[in-house]
Every structure is written in C-alpha cells, then in structure tokens.
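Shown below, as structure tokens, is a lone chain in the form predicted on its own; questions about how it binds or moves come after it.
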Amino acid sequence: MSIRTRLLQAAAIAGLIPLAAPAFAGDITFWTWRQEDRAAYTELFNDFTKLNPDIHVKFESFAAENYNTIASTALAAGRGGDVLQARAYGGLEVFAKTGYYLPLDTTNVPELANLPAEALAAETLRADGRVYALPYASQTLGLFINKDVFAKAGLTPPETFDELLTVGKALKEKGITPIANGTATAWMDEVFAGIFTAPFLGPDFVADILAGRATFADPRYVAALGKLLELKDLMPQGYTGIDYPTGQQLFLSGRAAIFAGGSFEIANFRKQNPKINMDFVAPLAATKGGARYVAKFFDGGYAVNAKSPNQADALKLVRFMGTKAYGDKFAALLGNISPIKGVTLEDPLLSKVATLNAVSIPYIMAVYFRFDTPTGSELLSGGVQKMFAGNITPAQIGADVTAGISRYYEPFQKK
C-alpha cells in the first residue's frame, strides 16, 4: 500500500475525507465548501442533465474551514471531486502549482472566451500564465443602507465622508447606531478598510503600488487609514467586541442604519429578513462630487480534477457553467454577479452593483497580495484591529504591512 493511500485512509477514518461510494458510469461529483448553495446547484445541475441525459452530478459539500485540507489531501491521493469549487488568486495557486487542477484553455473549454480578461486573471497561475478554473462570480465592496431607518429618522443617506460624520451624529441623537460594523472579526476589518479608504486612494495609488513607485507607508495610504478612526463614534458601543454576525443583525433588525460589506451579502440579507428595504451604494466620496470607487474582486472558479477518471464529463459540466444560460440562472438563484459576458441581471439591486463596477479599483490585498505569506490581508486586518483597540497608529500599520510584504515583493525591497 502506498504512503499516499495510507494517508488518505487515515484522513478518511479521522473524518476529514468521506469514503465515497463507488461512482457509476455517467456520475460525476462536484465538491464545494458552500452547503448553503445546495438547492441552487441542484437546480442548475438538473438543467445540465437535461442537456446531457447520461451524466448526473452529485453535490458534495464540506466545512469551509476544512475544505482546503480535505481537497488537497484527496487530490494528492489521486481522488477528490471531478469538478471542484476553487478559490481565486493565491487560493488557486496552492492547488494549480501542484498539478491538482487541469489547465483550461479555449481548446478544452471554448466558453472561456465568454469571460473578461480580469476574471480569467483571478484563476490564472502566475508561473505559467495558464487558466486553471472557470470564474463564477465577481464581488463588490460598498455600503448597505437601511432605507426605512433613514426615512423614519427624516435623514438622507450621505454621499461624502464628511456628510457621514454629520448624518451619523444626527442618527445617534435619535438612538440609532449609524454603522453596524464592529472589529472583532479580522477578515471583515480588511473589508471595512477597503470600503472606506478606496475613494481616498483611487486607481493612481494602486498603479503606484504595482509599479513600485509607492509602498503602504505612503502618506496617502496612512492618511486614508487615519480616516477610519474618525468613524469610531459612529460604530456600536463596545465595537471591538462586535463580530461579523452581530453587526449583520444590528443592521437587519433596524438598530443600525449602515453596514459596510460586499455584494455577497445581498442574498443572505434577504434570506434573513425578506422585508428589509435596503440599498447598496458605492463608498462615500472623499470630497463633494468626487469619484466613489467601489473595490472589486473575483470570488472563485470551477476547476477540473487533473486525475479525474471522468474528465470528459467533468469538462462538459464546466463548459455548461461557462454559458450565458448558466450565468443568468446562477445570478438569479444565488444573488451573485456572474462575470460571463451578456448575462442578464433581473434583480434591480444586482444590476445596480454591476453599474457601480464601472467606477472601481481592485480589492488590492486580495487581488495582488494573497499569494505569499504573510499575506497583505493578514497584515492589514490584524493592523486595523490593533489600531481600533488603540495599540498602534495608522503609520505603524503602513510600515508593518510594507515590511511584511517586502519579504517577497521585490518592488518594496528597493525602497
């Protein structure tokens, strides 16, 4: 018995990997970390089977926090799903560079031509420039507005950062928490920072970072981080102990007027409170009439197991997932924006988000600095938590992020 086989069996016994029943001809498996999407994918896979009667897709989900371990252990042993939900950017590289995913191109998946270059870049291995997964969604960071809360308070949602400070004070006087977010959940601190700093930075700053003309110790970045501290009085009491779910509930219950988050929240918010009257707007302008840049990134893709015994059928499924018909229904069922060209967004709020994307900058840490450790996301989220706790300054965050990224990012090493 090989070492890989023994490791796989040990992991299965420990409960990490299911000892799946034998697959029959025409059966393929789809692995994901999103159990909550089972009903939607079941409907989508039924559509696929109607077009391909001899192929049936089995949905298999795993806990998000264990998914990478489960998938990599299975794939290393030559097993795993036939099609796997893949992460983007640095999360993709972990699997692609080890040969676990099949390279995709317009020869084996012609539908890749239906996707924009920036979406394909999210699922491309930097080392060889090849695509390893078909992108399935873009996400946009901005502000959720509880329209009923503002209406009852007799106030208009702000359009600039300074207006937020004024309107926020008026909301507090009426017993309403202006901003629902706390800082106890680290990954959301990066989201929070990305939303409120984007209009103060803009595309020129991103270009300077990528060209090596600036670091995160740049005065523009430090000043943008400093603006976050001006929001402390608008956040919930005890905000350092308020986590992501608690912040969500403050907003959904109408106890808070604004929630800083992403378009990935839309479907979940409606599910938790079908009656909520909400809007999604771009981050607040730095000055009156200034650009309101949303931060945008791509969420993941569909990859084919390089060692799948059902590779031809798996490729048929991924090709189907690259069609407009799939993208239309994916957006309708899951409330996400499919990057497939020409997709119809029937949901007015999703359609608005797509329009906001015309004035955007990349979600910089996710798009460019999650490929090596320490990731930019880890450095920034940890720094923001410490800053709100009063332990470090914005300048220290900028210096620490720059120093951490300098370990592998050559442009910073020259500074």
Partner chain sequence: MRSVSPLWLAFLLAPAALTMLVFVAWPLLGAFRYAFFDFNGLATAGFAGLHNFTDVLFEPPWSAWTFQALRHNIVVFAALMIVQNGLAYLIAFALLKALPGHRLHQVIVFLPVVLSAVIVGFLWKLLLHPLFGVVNALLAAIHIQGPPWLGDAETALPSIILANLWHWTGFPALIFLAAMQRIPAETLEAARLDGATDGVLLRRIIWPLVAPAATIIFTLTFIGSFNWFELPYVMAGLSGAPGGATDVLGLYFYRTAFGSVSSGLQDFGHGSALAVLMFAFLAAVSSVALRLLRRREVDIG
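Positions refer to the first chain, counted from 1. The model shown is predicted, which means the values in this text are computed figures rather than measured ones.
Separately, the form predicted in complex with its partner chain exists; it is not shown, and the next lines address it.
S.K.: Taking 4.5 angstroms as the cut-off for heavy atoms, does Ala39 touch its partner chain in the model of the complex?
M.R.: It does not: once its partner chain is placed as it appears in the model of the complex, Ala39 has no heavy atom within 4.5 Å of it.
S.K.: Considering only heavy atoms, tell me if Gln311 and its partner chain come within 4.5 Å of each other in the model of the complex.
M.R.: Flag for Gln311 set to no.
S.K.: Indicate whether Glu60 is a 4.5 Å heavy atom neighbour of its partner chain in the model of the complex.
M.R.: No, Glu60 stays farther than 4.5 Å from its partner chain in the model of the complex.
S.K.: I'd like to know if Thr323 sits close to its partner chain in the model of the complex, meaning any non-hydrogen atom pair within 4.5 angstroms.
M.R.: No.
S.K.: Pick from 158 to 166, 245 to 253, 267 to 275, 225 to 233: which stretch has a heavy atom within 4.5 Å of its partner chain in the model of the complex?
M.R.: Residues of 245 to 253 come within 4.5 Å of the partner.
S.K.: With the partner left out here, if you bring back its partner chain in the model of the complex, are Thr98, Thr240 and Gln385 all within 4.5 Å of it by some heavy atom?
M.R.: All of them do, each having a heavy atom within 4.5 Å of the partner.
S.K.: Looking at Thr29, Ser360, Thr32, Ser377, which has any heavy atom no more than 4.5 Å from its partner chain in the model of the complex?
M.R.: Only one option qualifies, and that one is Ser377.
S.K.: Which residue among Asp372, Asp54, Glu43, Glu346 has a heavy atom within 4.5 angstroms of its partner chain in the model of the complex?
M.R.: In short, Asp372.
S.K.: Taking only heavy atoms into account, state which residues of 68 to 91 are within 4.5 Å of its partner chain in the model of the complex, ordered by sequence.
M.R.: Asn68, Thr69, Ser72, Arg87, Gly90, Gly91 sit within 4.5 Å of the partner.
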